[in-house]
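In the form predicted on its own, a lone chain appears below as structure tokens.
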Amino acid sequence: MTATHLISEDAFASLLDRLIQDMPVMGPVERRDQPGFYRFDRLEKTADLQVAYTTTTIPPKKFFFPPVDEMFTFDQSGPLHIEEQAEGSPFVLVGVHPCDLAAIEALDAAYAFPPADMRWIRRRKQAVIIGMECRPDDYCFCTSLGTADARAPADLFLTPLDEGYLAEVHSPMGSVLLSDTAARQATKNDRKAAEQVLQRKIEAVTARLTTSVSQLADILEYGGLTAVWRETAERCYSCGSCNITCPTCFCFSIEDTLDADLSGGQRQRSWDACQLLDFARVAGGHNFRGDRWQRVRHRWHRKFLYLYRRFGRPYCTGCGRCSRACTADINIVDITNRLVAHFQQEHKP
């Protein structure tokens, strides 16, 4: 049984104050340029932490997989010298919602798949993660993906209650975090109150898929959905906003750049997006997903078919970021349900 404690808001603030003094602490803050929008950033003080937020524009995966990541530098002014760039130092990631926790766990599996991505793995080992219960909006559909109550890979998970936070301990590090606080053992009533918070959240999620993930994978694999792909592609701008804001997309491109004197340079990897026209362009200029509808189809296959078959889980967590960010107002739930309806119409008994 998971150990649970009750920690007051003041005690939690004191804990964060100590952590901020010891190491970088990253959490959701309100964007100064766009009030009402949030991003994960370094906390200068505990008061900067925003607890009552629905989502951030960019997911917290950026701390493990930076949008632009300098892998190594090289110097060839003399004998070739290559210096790998370090992956940073220990840090705390606080305020991570269940959908983003599930996304980090999904990327753990993807980046551990041979050959393992050691840059991701080393950064993950440096992080302490404190999860927190969320407040859904009309775009959230976590209940359809089974991520509404995700806890892994959090070390500590907090549910806001009237008296503070119910703190669930999910690792030895979680116990260490609470060891110097004024937390007390949670009572049966405390745990019941937290369960009620979760139930209210689940009831507040109104967007839902009309089929299970396993059935959706079968439908996508069967095919015969080109009409829906083309219809959706007529609206799509191929801007890649859905990819860039997705917490489980992990494609990247690698580029070497030279210094002005050509004596050295650096190798960087950057986030890439399968919806961009050049993503599938290969040597000789051939593009095997040159048509927009093919790229739209690929995104759904990637989220709900290919990786589902490989890892046994969808690579979508129901966060709704892609729908919020879409410049063409394409909603992933609406299109998925449209695919299901089209398949069922075409295969009536």
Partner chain sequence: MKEPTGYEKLGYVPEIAHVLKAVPMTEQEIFLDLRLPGKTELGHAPGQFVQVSLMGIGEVPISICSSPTRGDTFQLCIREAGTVTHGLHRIARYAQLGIRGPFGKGFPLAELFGRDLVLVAGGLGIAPLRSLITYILDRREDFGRLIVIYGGKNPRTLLFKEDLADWDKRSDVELIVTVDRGDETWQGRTGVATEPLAELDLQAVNTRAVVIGPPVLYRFAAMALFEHGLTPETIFFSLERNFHCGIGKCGHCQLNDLYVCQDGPVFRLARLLDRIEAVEAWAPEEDQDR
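Positions refer to the first chain, counted from 1. Quantities reported herein were computed from a predicted structural model and do not represent experimental measurements.
Form predicted in complex with the partner chain: not shown, discussed below.
With the partner removed from view, the residue among 292, 302, 324, 39 that has a non-hydrogen atom within 4.5 Å of the partner chain in the model of the complex turns out to be 302. With the partner omitted from this view, the residue of 261, 256, 203, 234 that lies near the partner chain in the model of the complex is 256 [heavy atom within 4.5 Å]. The stretch among 239 to 247, 124 to 132, 90 to 98, 208 to 216 whose residues place heavy atoms within 4.5 Å of the partner chain in the model of the complex is 124 to 132.
Using a 4.5 Å cutoff between non-hydrogen atoms, residue 184 does not count as a contact of the partner chain in the model of the complex. Residue contact with the partner chain in the model of the complex: residue 172 places no heavy atom within 4.5 Å of it. Among heavy atoms of residue 310, some come within 4.5 Å of the partner chain in the model of the complex. The shortest heavy atom separation between residue 52 and the partner chain in the model of the complex exceeds 4.5 Å.
Taken together, the three residues 71, 82 and 226 all come within 4.5 Å of the partner chain in the model of the complex, as judged by their closest heavy atom. In the model of the complex, the partner chain lies beyond 4.5 angstroms of every heavy atom of every residue of 155 to 178.
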